[in-house]
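A single chain, nothing else alongside it, follows as structure tokens in the form predicted alone.
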Amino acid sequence: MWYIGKRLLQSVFTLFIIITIVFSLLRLMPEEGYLGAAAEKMTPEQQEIILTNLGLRDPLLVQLGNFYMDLFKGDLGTSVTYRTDVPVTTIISEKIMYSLFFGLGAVALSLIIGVPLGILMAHMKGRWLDRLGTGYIVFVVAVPAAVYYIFIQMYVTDIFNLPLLFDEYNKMSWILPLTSMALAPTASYAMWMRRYMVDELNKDYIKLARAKGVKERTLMFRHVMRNAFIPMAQYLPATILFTITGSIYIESLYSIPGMGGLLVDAIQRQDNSVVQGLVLIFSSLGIIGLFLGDLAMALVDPRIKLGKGGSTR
């Protein structure tokens, strides 16, 4: 409880700093962006009225105070230029489910394939499966993602007769974006799982267990795999939570109406309310993910104690 309380206070303070800095930086952007394409047709008086109504003529501290007062009420404000007068929560809620579905699906697919692949590569180190898996990892790491994303969209669609663009009513159009999104995480999980398992297999306690006649299956699953998974457990919660943010490139490539391009569009249109809402969500996800990662490490490794004692992490 002491650790949780301390981390919560740190998290709130970190969020406050992030939001305050982003809020202040957004106010340094040119004012013409708040007026949109109609700015050229407005008189200076009309422009001044709009900027005053948006609260941009108030002192920075007053604007910041008003923002936090609305935030405590659960109000993230309304869109100014992205979708005029539409609540930010409405805009985000319309897009978040697409990114969440594809993100969670990609994480699940990459775990189902990547972790067993890494285990088999470690078990068959130096043999054909290890070489094949290493080649896949090197390809994914070395080749820019944009190259094989476009290759998949241009050629795999013809080979398997799959839709080129996303259509929520056509289940077949979900396959390629989901597969593309899972390629890099699969390689990452396989690479790290192999590395950690090879490290564990070379440790003295494994050699001693083999000398005592412990079965290889028992060694691999009860000892090696569990210890190898400990470092990965720290980053898994953050990876799952960050699926909400979406993939900018894949969502643009397949025309998926998710969260991936929302932040970029909002910044380009100088929609402060949307940007602030997204920064708040993304920052919260990052902080919560790190916190859950620490708890996950303590759960899978009894040697780690989170608290005031000498063996804190």
Partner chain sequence: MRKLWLLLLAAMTALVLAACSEEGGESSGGEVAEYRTVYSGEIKTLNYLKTAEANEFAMSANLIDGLIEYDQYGIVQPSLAEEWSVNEDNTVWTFKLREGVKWVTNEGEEYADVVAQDFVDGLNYVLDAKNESSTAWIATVVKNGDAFYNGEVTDFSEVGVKAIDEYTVEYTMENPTPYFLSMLNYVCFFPVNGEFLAEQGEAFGTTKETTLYNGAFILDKFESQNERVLVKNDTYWDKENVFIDRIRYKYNKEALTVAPELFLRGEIDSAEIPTSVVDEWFNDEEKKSQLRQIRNNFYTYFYALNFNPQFDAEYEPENWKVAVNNKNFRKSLYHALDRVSAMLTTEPFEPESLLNNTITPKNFVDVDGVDYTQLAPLADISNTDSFNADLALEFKEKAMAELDGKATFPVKVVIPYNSGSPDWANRTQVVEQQLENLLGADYIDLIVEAGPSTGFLSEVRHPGKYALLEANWGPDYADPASYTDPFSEGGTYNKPELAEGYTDTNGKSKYQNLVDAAKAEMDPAKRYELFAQAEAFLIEEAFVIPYAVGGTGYIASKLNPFEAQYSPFGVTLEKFKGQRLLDEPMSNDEFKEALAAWEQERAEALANAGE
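Since we're looking at a predicted model, the values are computed, not measured. Positions refer to the first chain, counted from 1.
One more form of this protein exists, namely the form predicted together with the partner chain; it is left out here, but the text below deals with it.
Peer 1: Looking at heavy atoms inside 4.5 Å, which stretch does the partner chain contact in the model of the complex, given the options 67-75, 173-181, 84-92, 112-120?
Peer 2: Correct option: 84-92.
Peer 1: Could you tell me if Leu164 has a non-hydrogen atom within 4.5 Å of the partner chain in the model of the complex?
Peer 2: Judged by the heavy-atom cut-off of 4.5 Å, Leu164 is in contact with the partner chain in the model of the complex.
Peer 1: Do Pro30 and the partner chain share at least one heavy atom pair within 4.5 Å in the model of the complex?
Peer 2: Judged by the heavy-atom cut-off of 4.5 Å, Pro30 is in contact with the partner chain in the model of the complex.
Peer 1: Can you work out whether Met42 and the partner chain are in contact in the model of the complex, taking contact to mean some heavy atom pair no more than 4.5 Å apart?
Peer 2: Judged by the heavy-atom cut-off of 4.5 Å, Met42 is in contact with the partner chain in the model of the complex.
Peer 1: Could you tell me if Gln63 has a non-hydrogen atom within 4.5 Å of the partner chain in the model of the complex?
Peer 2: Close contact is absent here: in the model of the complex, Gln63 is far from the partner chain, nothing within 4.5 Å, heavy atoms only.
Peer 1: For the heavy atom contacts within 4.5 Å of the partner chain in the model of the complex, list the residues of 191-221 involved, in sequence order.
Peer 2: Heavy-atom contacts within 4.5 Å come from no residue here.
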